[in-house]
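Below are two forms of the same protein chain, given as structure tokens: structure 1, then structure 2.
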Structure 1
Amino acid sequence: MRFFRIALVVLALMAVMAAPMQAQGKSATVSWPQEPDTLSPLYTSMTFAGYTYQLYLSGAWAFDADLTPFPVLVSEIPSVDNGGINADGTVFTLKLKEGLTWSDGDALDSADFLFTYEMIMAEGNAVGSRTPYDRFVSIEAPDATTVVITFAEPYAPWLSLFGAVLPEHVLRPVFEAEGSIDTADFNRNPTVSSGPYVFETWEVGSFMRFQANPAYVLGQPKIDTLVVTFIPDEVAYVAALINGDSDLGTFVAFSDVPALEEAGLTVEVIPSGYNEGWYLNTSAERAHPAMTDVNVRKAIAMAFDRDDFNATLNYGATFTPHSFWENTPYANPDIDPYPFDPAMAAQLLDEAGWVDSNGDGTRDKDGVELVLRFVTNTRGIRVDLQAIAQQQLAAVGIGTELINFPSDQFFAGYAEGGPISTGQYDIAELSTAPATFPDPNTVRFLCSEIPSDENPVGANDNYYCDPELDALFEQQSSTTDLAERIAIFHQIDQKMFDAAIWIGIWHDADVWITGSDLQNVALNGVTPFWDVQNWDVAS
């Protein structure tokens, strides 16, 4: 009987459910599919942590909707013309705006920049990445509004510097007491702000709330309260956007796009530098013997119908990229992706000497069957793609063994025996971007980065080495002239395409969803809140 009594209570509660929303001023809700690890900019590579700290911490500059940098804490973007960059591109001078303050009134000056550098490099702080601060020769503050950074060599990707600046007056005492700010309370409960919003509360597992910062250097935001919620379940996430519980969201699967559009929401596909692609292992020692033959690699690219996959499983919300730098000026516009052409693929394989001599349906050569290890992680869409690709590759006589690793093993390092790092694969599918996007620089394809026992930190997972390609990468990384750099990248792109070491599967741009109540929203894939002070909600 007690059960019925409980049921009655539940029913009664159902009746009184419609609790009114208490709203003071304008409010909007942003939803992430993952809860940020931390609010500190130093300790995680998680995309959503990266987006969220931008609400309360400003950087030297940010990027606008076209990914053009504009000044935030600096008074102008350094250039050779304004004297911010010296002639050979090794010395950068940042001129800060006058009278910058933290939200508690304390001055924000060059000392905070130096402190940020100190924290990143301190041995006591186990920060996620030191790039590119570990390349500094020196960093100095001649006065309160000037920061001078010197590199040993010209450093083209300098725009990735100082995306956030830490408050010295808050964190210095912690660092001095503990020898580290790894576990500083500030990382989860920041007390001061230099960004558009001031942190208010973090309800673990549910949401964070921010209030507008009247002292924000680019002006007080129009929306007073910004709530950031975390909804990890994909179905619930999409439902929250459709119901209007969330005003802004991202990272929805391409397959959810039709339903979201049907619900009248604005769907924008915004490049974040990422492209889903197949890394083809070219190592003579570690890969299948066929993989060293460029024609076999081209045949692999032609045997899988990427356009059909993007039209069906990706619901036409994305497309097949032709370049590692897809959708940026650095991509060579004259390149078309390898077409889906099984006949051509078969011909290339025949010419390469891989024929089905024993009639088992799989090509072979010198007694070696053409069976390739196709590895990826356990993400649903990749598992589906593997099954489709296996069937299509089998149609041209390429056998595949499908292997799925949990992500923490798939991406594990060389010393930990990670399958990509150690080259234990022939085809590996993953989504990658230039490390300091929007800068195009990458070290992934350099000969010197080929991993080995002597060089376990190498990043060249293709095990591909072409001295000419190396020279071009070397040349672009010290070229500060944009047009010149773009021209070099077009050559790089052509070389990589011809070598067929990376096959683009889909342009992995981020899908952003904006509710109809939210106005004036302009986003980008790096600093989505660059213009949040101008967002508004319909009253």
Structure 2
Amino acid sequence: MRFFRIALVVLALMAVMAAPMQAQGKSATVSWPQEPDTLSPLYTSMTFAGYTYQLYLSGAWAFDADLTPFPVLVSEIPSVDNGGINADGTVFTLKLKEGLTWSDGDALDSADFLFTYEMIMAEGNAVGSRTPYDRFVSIEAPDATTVVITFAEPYAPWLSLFGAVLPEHVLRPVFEAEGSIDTADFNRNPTVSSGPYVFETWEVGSFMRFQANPAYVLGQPKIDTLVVTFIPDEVAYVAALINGDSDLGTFVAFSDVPALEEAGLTVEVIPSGYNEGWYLNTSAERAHPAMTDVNVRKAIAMAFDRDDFNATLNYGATFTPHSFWENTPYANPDIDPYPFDPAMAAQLLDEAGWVDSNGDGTRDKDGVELVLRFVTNTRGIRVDLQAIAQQQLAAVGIGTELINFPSDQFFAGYAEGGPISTGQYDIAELSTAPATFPDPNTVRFLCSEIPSDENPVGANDNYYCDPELDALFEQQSSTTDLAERIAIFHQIDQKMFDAAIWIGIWHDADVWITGSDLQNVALNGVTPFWDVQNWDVAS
């Protein structure tokens, strides 16, 4: 077994070292612990896919190291003062920079923005979510450098719009021929770029290579070749960083931080809105029958000692969050996480009618054993947690079947049969954030986002529906007064906590590691490559 692990480490390091060898000029290597599932922004909710497509696709704006938005494709951030937002906050006018082009020389203009909207809304495309584009009353392009968006009512999270823009001249023919771009070759082999780098190749299971884009609107990057490698083995991942085979990485275990710092690497903990948590499936049709009972869900939370896990396996470097919006003003300060209380968990299960009637150590009801499907990916810390949680839940009579999926399968959407999206679980562990962070808005808990054959783009894989919660989410999205919006989120937080549909495991701020040869790096937890054109490597 030890030899097998060493072999995996050696093979992973060989892949890292081999990938950049074909580079011309200056090169750097970024390593991810998970391989992206796609390079299309329409079909993924995976963190590393989201980071990677930023290399070749630009959005209207990005966020700097202080999470302040700045113009990329637009000439200025819309505001009431500059006329980009009307007085009641329902009309947004985007003024594009003059002379924008794709890497092949084709003009990038307002038609590409309208096409991106069209692809998100087209019924033939099973995209991850259509929010907030389904709120548009209209979108118009009065000329090549102007896009006008009209909402029915004020929309507070408008900075979530057009985080990436698609090339109409490449994808329009595919859509017209097939009625969909779901399986377009472009999704994994993009042929044009508007970002700092142009995609060159993707060797599945090993690496991607990107070349500097001379036409990038913010300037050609100083680093000529950027290689993104995939190292799922955690030992090999850390070894690649320490040995200098990777110049930049993230999502290492907190336990690895001391060794990385001792090796002289720069380690930064950067807020990204992410929190590791358990999503509890509440579907009457897809989940275990016990999961529809809120007392069972609360018992699950109380049966696992999250604080001890964070103190030991996470080395005290993080803490148990109570809120999906932990460490932001939108988290309700009056809520504490459910405590570790096995006696209360047992009492709640008794009251719910789940008792061990046959003496096999697992509770049952109406002939159904209380054995839950606990799913996650193959990340080591999550696998370790599953084993500990299985023992602690068993102590109160809850059985668990531990299931692990490769990341691309685990995070796949409903149309691809992803286990979370299709409800093939009872407890799912993953790290998530509001999709529009630093804005708090999310659609994950809306009734309208419950996925189905008729609605495969739905993002609510809890399968939880509460009209009152829906109404609060709707209210916050049109509330532009910050204090009022925070107060609404505190109500949302309380309702979600009381329903026990999401259980925070640890506050998952990003840990980024930068090698000594990589210079001028400034990162954030939203658009980490926002300033990559200014990165450099030591001569």
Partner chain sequence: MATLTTHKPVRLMESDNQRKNSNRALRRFLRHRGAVFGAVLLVFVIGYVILGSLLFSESYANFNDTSRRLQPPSTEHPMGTDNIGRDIFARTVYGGQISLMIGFLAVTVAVLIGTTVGVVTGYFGGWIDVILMRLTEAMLSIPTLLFLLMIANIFGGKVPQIALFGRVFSGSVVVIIVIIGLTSWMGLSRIVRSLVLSLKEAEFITAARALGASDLRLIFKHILPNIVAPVVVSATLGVGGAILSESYISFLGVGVGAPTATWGNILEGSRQFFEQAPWLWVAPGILILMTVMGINFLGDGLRDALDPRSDKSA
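Just so we're on the same page, residue numbers count up from 1 along structure 1's sequence. No experiment lies behind these values; they were computed from the predicted model shown.
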Please let me know, 1 or 2, which structure is the form predicted on its own?
2
Quick one: spot the hinge among Ser272, Met119, Pro440, Arg363 for the rigid-body turn between structure 1 and structure 2.
Ser272
Degrees of turn, smaller rigid part against larger, between structure 1 and structure 2?
33
